[in-house]
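Before any questions on how it binds or moves, here is one chain, the form predicted on its own, in structure tokens.
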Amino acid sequence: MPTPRRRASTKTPAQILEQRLENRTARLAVIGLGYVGLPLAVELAQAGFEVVGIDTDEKRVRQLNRGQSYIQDVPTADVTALVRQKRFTATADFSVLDRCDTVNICVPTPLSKQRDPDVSYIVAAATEVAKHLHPGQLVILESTTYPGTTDELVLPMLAESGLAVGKDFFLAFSPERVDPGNTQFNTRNIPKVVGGVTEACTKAAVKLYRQRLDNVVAVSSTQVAEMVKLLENTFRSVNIGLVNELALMCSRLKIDVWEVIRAAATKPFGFMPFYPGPGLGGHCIPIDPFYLSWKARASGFEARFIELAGHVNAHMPDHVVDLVGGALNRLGRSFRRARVLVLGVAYKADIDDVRESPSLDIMEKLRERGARIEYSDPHVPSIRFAGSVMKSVSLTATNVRRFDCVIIATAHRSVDYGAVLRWSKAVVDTRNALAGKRSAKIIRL
């Protein structure tokens, strides 16, 4: 008796993908295992999926496959458990995409020397995805970029396969909202904005994220989703630029800007406190507004407000150097051969990330003026500075007393700033770490 022929599946690629996501049989890929990609990969693996992380850095790959994390917000214990359970593996081989149902692209998007968007990492990742694109696959770009990148850059690369978007494969954009060092909000509980090229694309991406994340917010297009991220960080950049300018103004008027902000923040409506500082750091806030203003210029629109805020923020390290000059003058010293200790080189408190840190700009500007620079940071044991490796100085009375001036550039909670003040000859406080302290040795931002 002849064997009955198996009935061909009548399910669409979208339905097959949806079913695999629901029953956790889908295999997921994350390209780029940095501070965005690794936390996402771990969350998806903890949801019960088999996840493969792809990174061109072989050292990262080896470290992860040994069960070790290099991201502060991802515990090594979590990576170890997932590797042992075979829920997570790392590789530098993009051919694994042949067997993956979803692909999240989480690669860097820096600026060029001309302050224009550098999308080369996105192009490189999309090129590899295009080689292995197959029916039913979902591709999501998470890298921060200008509005139109997903539709105008990534989509044509994937469409060369002959597959139809929204029918044969699915493409969406979902901006990362990671805040390194934030113990309250993380990848899982930060609302996830998603916009697809088509309605089916949006639905597929929402389906993926809802398998693990607490709140997924669908928007009407990839352009809206791309603009959301830029608005969020431009909002911060502009408001920080405003309060930095206010700090410069208050300095001239001999008014304590910190007291002004503290009092203004008592208003229960119509005001949100932002705080001045030595400059902007991190991958997002100093960079994202330039993506937006670049796109605006390409469309014939001049984003003057945004660019002015960027100008103010970019010049804050110069103001800090001027404050150091004032502190040294009080001691009868000049910049030349003065010893200056910078407290904190991470771009924000309680993390180990030095990307775009204003501390590095301040150190370089002081070095150019002839000062001898060292730093102390409990989270960053060493950095490359002026062509060599510099190690963090331990904060002891003996060490601090060697310096003519101390700059509080990053206010880590583990540092005893009262002790630093006692041991110092002069302190330039750019973070209000010495709030409530009164001393002739303090020069506040």
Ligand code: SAJ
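All residue numbers refer to positions in the sequence shown, first residue = 1. Everything quoted here is computed from the prediction, not taken from an experiment.
Here the subject shifts to the form predicted together with the ligand, a form of this protein not shown in this document.
With the partner omitted here, the residue from D168, D179, D73, D151 that has a non-hydrogen atom within 4.5 angstroms of the ligand in the predicted bound form is D179. Note on the partner interface in the predicted bound form: the residue among G196, G344, G279, P289 having a heavy atom within 4.5 angstroms of the ligand is G279. Residue heavy atoms within 4.5 Å of the ligand in the predicted bound form occur in exactly one stretch of 110 to 118, 346 to 354, 153 to 161, 293 to 301, and that stretch is 346 to 354. Not one of I407, R422 and V427 is positioned with any heavy atom within 4.5 Å of the ligand in the predicted bound form. Proximity of L360 to the ligand in the predicted bound form falls outside the 4.5 Å heavy atom cutoff. In the predicted bound form, no heavy atom of T145 sits within 4.5 Å of the ligand.
At a distance threshold of 4.5 angstroms between non-hydrogen atoms, I285 is in contact with the ligand in the predicted bound form.
Interface membership of R236, defined by any non-hydrogen atom within 4.5 Å of the ligand in the predicted bound form, is confirmed.
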